[in-house]
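Just one chain is shown here, as structure tokens, and it is the form predicted on its own.
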Amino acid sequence: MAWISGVGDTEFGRLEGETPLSLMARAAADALAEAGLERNEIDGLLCGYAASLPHLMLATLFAEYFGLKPRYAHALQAGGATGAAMVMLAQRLVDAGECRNLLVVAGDNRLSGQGTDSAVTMLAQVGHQDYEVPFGPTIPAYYGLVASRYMHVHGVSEADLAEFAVLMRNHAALHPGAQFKTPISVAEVLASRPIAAPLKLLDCCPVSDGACALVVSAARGETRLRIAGAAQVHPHQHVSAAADLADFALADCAERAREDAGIGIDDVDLLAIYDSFTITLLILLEETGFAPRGKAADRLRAGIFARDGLWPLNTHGGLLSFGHSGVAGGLAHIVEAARQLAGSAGARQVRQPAVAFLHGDGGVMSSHVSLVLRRE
């Protein structure tokens, strides 16, 4: 079995003077300290890519920087799903006996070291080089297209999307490391600057600096957090190749992860769902079975996704308010879920959860990883 024995992170936002390597080192040191491990006990390393440090061998570069000599080292790239994909691979490596203590880490200084314009330009390259990129769309433009179609088919309104931005800000207010904590209203979201219709500024995640790390071990730690289930699906790469922008067929991925963990949807106590845009979060909640089509906002308004609701959602504030530092942004969902399950989330701690469902999304609804974490 594979267990999460320690987690660590930095604050998110503008962190002047930091580099991807220094941020990763801070988060990794905290994760090792929580796991009670020395650096020479880490025999595996999985590292997410860094936009502001596009090194061809980032995993071994960080290993050297941090003083590790792993028997296994690997850098991964799956867009926003990379964090969840690294955790899934870590589970498989530990279960196979390849590693006993594997460090999963990601960090980037996209805000202070790269800048918003440069980050947006880089992310636009996920588009098809012949059929999309020449027309100049950015990531928000692609998601604007997805939002327009999904909203038309399923009767979702712009106010429905805004509700999720408000919820994420409310949750972030309790996290000391969150980039944005000031409360916002639905009216403020709707009145914020247009980015890519129907998405407004507050429908979009920020660009951030920050890092996250966790240790996956063969031995059960004091927190008894097991990676109980995992599954992936990769339906397309380019939005122009998607079969249906109103149905991404992700239910099977979520169901396989829950089946792998031996649980049903009613066993889930906590949700950690990727939220690069409000539409991303709404779609993923409905696709993975936590709301009927077009009804996620209704469930939010009914309190289902609040901290004291049936399925507390992104209790750290998600990408929309905690911040988005590339791979570390997605990994932050996993760190938060681990802390909630361990009962160490401080002021934002929800009732004693035992099972968390997580879902990461890369590209434009392109690569997907579902995870189940369980406190045994």
Partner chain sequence: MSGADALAAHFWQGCALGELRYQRCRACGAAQFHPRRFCARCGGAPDWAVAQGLGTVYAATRVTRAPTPDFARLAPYDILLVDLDEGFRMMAHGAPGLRIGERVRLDFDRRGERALPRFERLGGRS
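Computed from a prediction, not measured in an experiment: that's the story for all the values here. Positions refer to the first chain, counted from 1.
Separately, the form predicted together with its partner chain exists; it is not shown, and the next lines address it.
Interface residue remark: R100 is not counted as part of the site for its partner chain in the predicted bound form, having no heavy atom within 4.5 Å. Among residues of the shown chain, V233 is not one whose heavy atoms approach its partner chain to within 4.5 Å in the predicted bound form. Among residues of the shown chain, E163 is not one whose heavy atoms approach its partner chain to within 4.5 Å in the predicted bound form. In the predicted bound form, F180 stays away from its partner chain, with no heavy atom inside 4.5 Å. Annotation: in the predicted bound form, residues A33, Q91 and V94 none come within 4.5 Å of its partner chain through any heavy atom. Interface residue among A291, A141, V156, L300, judged by heavy atoms within 4.5 Å of its partner chain in the predicted bound form: A141. Of the listed positions (R149, R224, H74, K295), a single one reaches within 4.5 angstroms of its partner chain by any non-hydrogen atom in the predicted bound form, namely R149.
With its partner chain left out of view, the stretch that reaches within 4.5 Å of it through heavy atoms in the predicted bound form is, among 238-246, 164-172, 270-278, 255-263, 238-246. Heavy atoms closer than or equal to 4.5 Å to its partner chain in the predicted bound form belong, across 122-144, to the residues A124, H128, D130, Y131, E132, V133, P134, F135, G136, P137, T138, A141, Y142, G144, ordered by sequence position.
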